[in-house]
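Starting off, we have a lone chain in the form predicted alone, written out as structure tokens.
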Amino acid sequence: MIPAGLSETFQRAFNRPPALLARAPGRVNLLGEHVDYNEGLVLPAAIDRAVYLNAAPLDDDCLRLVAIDLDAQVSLRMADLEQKIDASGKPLPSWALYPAGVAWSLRQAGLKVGGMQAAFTSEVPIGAGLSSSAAIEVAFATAWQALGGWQVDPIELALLCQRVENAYVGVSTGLMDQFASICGVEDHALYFDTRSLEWQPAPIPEGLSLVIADSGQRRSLAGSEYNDRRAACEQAVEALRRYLPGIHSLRDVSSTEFAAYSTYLDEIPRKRAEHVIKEIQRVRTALSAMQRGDRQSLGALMYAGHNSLRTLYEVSTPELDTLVELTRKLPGCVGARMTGAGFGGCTINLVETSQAEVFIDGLKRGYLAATGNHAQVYLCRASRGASIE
């Protein structure tokens, strides 16, 4: 739903009506965590919580931004994108790096990116593992595509937005988040091969809803923690190459091969690799279950995925574990797991639509009793991808 007051805020800030409204959803990941940088398979879904952006073109090659949720604004010249400074020469605030980075990435690709006035707001919680930054990037890319009158392939647009994170903001993320925000299909997850970039919609079994539970812990996805896990995966590949010389990544290692050679790995690389290899297989199995409408198998795979993230990849937290364990005794829950990179954030729950409200109430009460903290719990649907409204 378009947030109330967005166009009025734009009108007050810029003394003109907006020319367009762009929308880009956040995402959850049903299965396939920490495998995108191992060239694996993932199963995200766009959600019906989105970033909304009002925009109008400018002739003076400037970018004027209003971040409504932060009560902040900044102006910068397109000529200064490389320097990451505002119009007065000060460093850009961290929130402005995402729209500025989109302009930089699109221009680097030779696409027409003119000046713009923009006001934006987000229903996607920041730092909760629901890809709020990717949604901002995609919203701005969608707006510039409309204003510039050009079109690129959706995967190419996702890659250009990913480049914002990797080369402009400086976070080594995979492609899944931007892909899901652009390519979302209503009532479907997206079975996405991060190596070949091929994908297909995967139907969420009828009668099930997505319920997102926010632990209240903001992800302190310390670069060191994230990078340590990537490094451990790379160490595992190097060690396994002594026995499997043709492998490029953990994606190339079968469960049988891993069982044969895992004893030759140090403990930490072995644990990280075991999660990745088995998680990729869980995604393959989940696609088959979804195509059959087999909700019980899908739910069991989600619980197994969470246990692997907790014990092998060690990215869960006591709060996330509590949210998952509570669901086992609540009516209507088919499956649950942490979603996103971990170290805080949210869980994703597949719940019988007819019992969703009872489930939400029970989860909130249980979490408060167990931790003394309040969980924000959202009933969601799998959404279509980014659009001009």
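Throughout, we count residues from 1 along the sequence that is shown. Nothing here was measured: the structure is a model prediction, and the numbers come from that model.
One more form of this protein should be noted, the form predicted together with a small molecule, which is absent from this view; the next part is about it.
- Considering the small molecule in the predicted bound form, the lone stretch of 360 to 368, 334 to 342, 56 to 64, 318 to 326 in range is 334 to 342 [heavy atom distance within 4.5 Å].
- Note on the partner interface in the predicted bound form: the residue among Y168, Y303, Y261, Y226 having a heavy atom within 4.5 angstroms of the small molecule is Y226.
- With the partner omitted from this view, the residue of M176, M290, A100, C233 that lies near the small molecule in the predicted bound form is M176 [heavy atom within 4.5 Å].
- A residue is said to contact a partner when one of its heavy atoms sits within 4.5 Å of a partner heavy atom; G32 meets this definition for the small molecule in the predicted bound form.
- In the predicted bound form, the small molecule lies within 4.5 Å of some heavy atom of D36.
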